[in-house]
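Here we start with a single chain on its own, the form predicted on its own, put down as C-alpha cells.
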C-alpha cells in the first residue's frame, strides 16, 4: 500500500462535513487496489518526476473508478452484495445513498482536477480525457453494451466491451501520466491503456471461474451467470493462453516506450500475478 497516497485520499475526504453520503463515499474509497493510480505513478517516475505531482489526477481517477463500482453493484445493474471484501455500498447504506455517493464521487472528481496546480492546458486535457473515456467513448458505452448485450457474441464483440468498459479508465491513467510528463504521443498511451484493460477484464472473467467470491472480495450475482464474458467464447484453458499472448503483446509495446519502464513493469507484474 502506498501510505502517502492513502493519506492524500484521507485528507481530501476529511474536507467534507459528516453525513450519510460522505460516509458512504469514504467507505467505498477505502480498500481499493489502486492499480490505475499506480500505473500513473509508474510512468511519471519513469520520467524522473516525483509521484506526488500525480496525486490529484490519480485521486480523481480513483474516484471515478469507485463511483463506477457503486453503480455497477446496484440492483438495476449487476445486483452484487459484496465489493472490496465488504458489503457493497447499497447494502451498507441503502440504495438511495449509494446512488448519491456515486454521483458525488463523479462530480467531485472533476473538481479535484480543477483545483489542482497543473497548468491550465494540462487541466483541460485531463478533463477532456475523463469526459471522453469515462463516458460514451469509453466506460459508460462499455457498460451499456454489457448490460443490454447490444453487441455481437463473438471475440470481436467481446473486445469491444472490454476496450470500452475496462480499457476506458486505463486509457485515462496512461494519458494522465503522459500529460504530466509532456508526452505528445497520445496514440501509444491509448494503445497501452487499451491492452492493459483488455487483459485486466480477461483476468476478471477467468477468476470468476477459478476463484471464490471470498478470494475476489466480491459476490457473484444471478445476473453474472447469463452475461456475455470471455468465457462465452473461450474455454478456461483457451482464456489462459489468450491472456499469455496479450501479455507478450503488452511487453512488446512497453519496450518501445521512451522512458524508464522499470516502474511500469513492476505494476504489470503485479497485474500478471494477481
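Residue numbers count along the first chain shown, from 1. Predicted model, so just to flag it, every value in this text is computed and none were measured.
Same protein, other form: the form predicted in complex with another copy of the chain, not shown, and the subject of what follows.
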property: Contact flag, residue 107 vs another copy of the chain in the model of the complex, heavy atom cut 4.5 Å; result: yes
property: 4.5 Å heavy atom contact, residue 16 and another copy of the chain in the model of the complex; result: yes
property: Partner contact for residue 85 in the model of the complex: another copy of the chain, 4.5 angstroms, heavy atom; result: no
property: Residue 165, heavy atom within 4.5 angstroms of another copy of the chain in the model of the complex; result: no
property: Triple contact flag 183, 254 and 257 to another copy of the chain in the model of the complex, non-hydrogen atom at 4.5 angstroms; result: no
property: In the model of the complex, segment of 200-208, 116-124, 185-193, 151-159 with a heavy atom within 4.5 Å of another copy of the chain; result: 116-124
property: Residues within stretch 90-112 having a non-hydrogen atom within 4.5 Å of another copy of the chain in the model of the complex; result: 94, 95, 96, 97, 99, 100, 103, 104, 106, 107, 108, 110, 111
